[in-house]
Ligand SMILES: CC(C)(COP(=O)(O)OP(=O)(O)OC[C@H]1O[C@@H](n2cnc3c(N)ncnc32)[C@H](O)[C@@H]1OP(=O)(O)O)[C@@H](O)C(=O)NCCC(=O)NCCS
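Take a look at this single chain in structure tokens; it is the form predicted on its own.
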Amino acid sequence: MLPPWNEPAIRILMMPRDTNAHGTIFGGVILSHIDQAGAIEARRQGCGLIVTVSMDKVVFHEPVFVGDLVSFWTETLRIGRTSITTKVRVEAIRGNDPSARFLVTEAQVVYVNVGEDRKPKAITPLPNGFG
């Protein structure tokens, strides 16, 4: 397995359209980005078309606010014959101070690589990923 990348899979500036009635970003928005970031990591490792099988327990440690710059860091934990497990770590930077980083949450996501027929297909790992 390759070491974690030196840049996030996704980096997003949170906008007002994603807020809930409490003025914070919907948890579901963060979950969607976790799924996308994990999928990017799976693609880096040689997966093509993938489907999400599971996402482990996600605990939100810090809220995310409008204007936060949120980074989704990924690494591969396991590559099986047709499945891959990725870890996604979510960090937020508040304001203009890059040292003001907060761990929002982390998750493990399992995907299955599938063919055009949507049936499981063997993963052909890339030697150095595509990133």
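Residue indices: 1-based, along the sequence shown. This structure is a prediction, so every number in the text was calculated from the model and none was measured.
Missing here is the form predicted in complex with the ligand; even so, the following discussion is about that form.
Report task. Check, residue by residue, if Arg11, Ile34 and Leu69 all come within 4.5 Å of the ligand in the predicted complex, counting heavy atoms only. Result -> Judged in the predicted complex, none of Arg11, Ile34 and Leu69 sits within 4.5 Å of the ligand.
Query - Sole residue of Ala100, Val51, Leu103, Leu77 within 4.5 Å of the ligand in the predicted complex, by heavy atom - result: The residue in contact is Val51.
Query raised in the report: Closest heavy atom of His22 to the ligand in the predicted complex, within 4.5 Å or not?
Result: The answer is no: His22 has no heavy atom within 4.5 Å of the ligand.
**Report entry** the ligand contact at Ala107 in the predicted complex, heavy atom, 4.5 Å
**Finding:** No, Ala107 sits far enough from the ligand in the predicted complex that none of its heavy atoms falls within 4.5 Å.
Query raised in the report: Using heavy atoms and a 4.5 Å limit, would one call Arg17 a contact residue for the ligand in the predicted complex?
Result: No.
Report task. Could you confirm whether Gln45 comes within 4.5 Å of the ligand in the predicted complex, counting heavy atoms only? Result -> No, no contact at 4.5 Å.
Query raised in the report: Among 87-95, 51-59, 23-31, 69-77, which stretch has residues whose heavy atoms lie within 4.5 Å of the ligand in the predicted complex?
Result: The contacting stretch here is 51-59.
Query raised in the report: Considering only 111-126, what residues come within 4.5 Å of the ligand in the predicted complex, judged by heavy atoms?
Result: Read in sequence order, the residues that approach the ligand (within 4.5 Å, in the predicted complex) are Val112, Val114, Arg118, Pro120.
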